[in-house]
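Taking the form predicted on its own, here's one chain by itself in structure tokens.
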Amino acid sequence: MWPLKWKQREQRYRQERADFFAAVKRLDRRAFLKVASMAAAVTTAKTVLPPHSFQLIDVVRASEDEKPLFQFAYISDTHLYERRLNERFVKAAMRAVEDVNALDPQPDFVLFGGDLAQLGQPQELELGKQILSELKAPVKMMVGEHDWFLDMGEKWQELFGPPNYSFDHKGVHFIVLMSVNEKDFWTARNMTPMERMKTVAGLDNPIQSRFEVGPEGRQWLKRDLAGVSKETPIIVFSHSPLYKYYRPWNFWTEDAEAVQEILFPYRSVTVIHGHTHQLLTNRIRNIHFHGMLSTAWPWPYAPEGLPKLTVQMDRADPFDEADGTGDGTVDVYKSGYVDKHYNLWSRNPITVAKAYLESWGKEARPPAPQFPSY
């Protein structure tokens, strides 16, 4: 009886998987709902599929009686093409939406961390908006360079509003900061919009300048913070890391020090950034930095400049398209500092606790990698 049941289960799983892929190709709002329900059914075959949704996480706290004020979730760097060109990234974005929708209780909101599209085309951005519209929790959007440089943000702002904005939530001041501006390298070269976009998307293309918040962005930040008490905890969402990691790959913000000087007077500041597609942890004075995972692919760690508080995740398995990717949640404390939970789709979750950064790496150290990154 057992072999027969197993065979039936395997047949059912293969049919559900085939139906799932077929539905993705026809993705619209109605098809999305159907696909989401099928994907939930597929995850019941736990002996066949890797871990799909969030797992229990043992959180290390600075004190036993300290409780988080609230939690938000994040999805980042989906890099969507039109579905006829690349359905894998579409499926990965849908998987992240399912993961977040499965959380109980639901997070207060979901941060999208930038690079919704791959080439900034209207169809890519509209597809991303459609997928994210299925989230149960409210969504906060942040722009990435892949969303911006085709039309210099025209479509993004039509769909999602201005690239710089702020909001207050349960005593914490949140800032969404446009940090992927570049100096004009395209006009003198008579580049078309798509040539400009592909140059920026090339990451290590030496023609482009480096990312920056820029003079206007820094002035906006100063104005936004002018009415905020120095005792108010600040959380900044930035696509580019607001420090200098590795310039050749543009894992870098050219005016990072100037932005940090604006933030130093505040009692506690946390920066959550995308773009690098990897676990990154840094601290500069009162500012804690956490990098986000991508749903599309992981980047290798750079050969130099890695922040010393970063505990590298294992190198990605090239035969597992989901390895090194994922989504996650963030527990926010009264201080404004956070426990960052990484939900790695093909691995156990990893927590980078605020106690780790507060102690400069002496406490609550995340697990060391078994297989160092390339």
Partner chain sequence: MRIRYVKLIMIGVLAISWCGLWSLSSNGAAPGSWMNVILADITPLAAAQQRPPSQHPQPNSENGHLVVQLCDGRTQMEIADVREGEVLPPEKARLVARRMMARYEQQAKQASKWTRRDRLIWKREQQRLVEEGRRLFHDWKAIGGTIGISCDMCHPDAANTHPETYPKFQTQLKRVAALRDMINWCIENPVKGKPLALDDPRMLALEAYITYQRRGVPLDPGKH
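This is a predicted model, so every value here is computed, not measured. Positions refer to the first chain, counted from 1.
There is another form of this protein, the form predicted together with its partner chain, and it is not shown here; the text below is about that form.
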Exactly one of 109, 249, 266, 165 comes within 4.5 Å of its partner chain in the predicted complex through a heavy atom, and that residue is 249
Out of 286, 101, 118, 282, which one falls within 4.5 Å of its partner chain in the predicted complex, going by heavy atoms? 118
For a quick test of understanding: in the predicted complex, does each of 66, 173 and 342 have a heavy atom within 4.5 Å of its partner chain? no
Answer among 165 to 173, 86 to 94, 252 to 260, 229 to 237 for heavy atoms within 4.5 Å of its partner chain in the predicted complex: the stretch 86 to 94
Check whether residue 204 has any heavy atom within 4.5 Å of a heavy atom of its partner chain in the predicted complex, and answer yes or no. yes
Please run the contact check for residue 347 against its partner chain in the predicted complex: heavy atoms, 4.5 angstroms, yes or no? no
Could you tell me if residue 300 has a non-hydrogen atom within 4.5 Å of its partner chain in the predicted complex? yes
Does residue 323 reach its partner chain in the predicted complex, with heavy atoms at most 4.5 Å apart? no
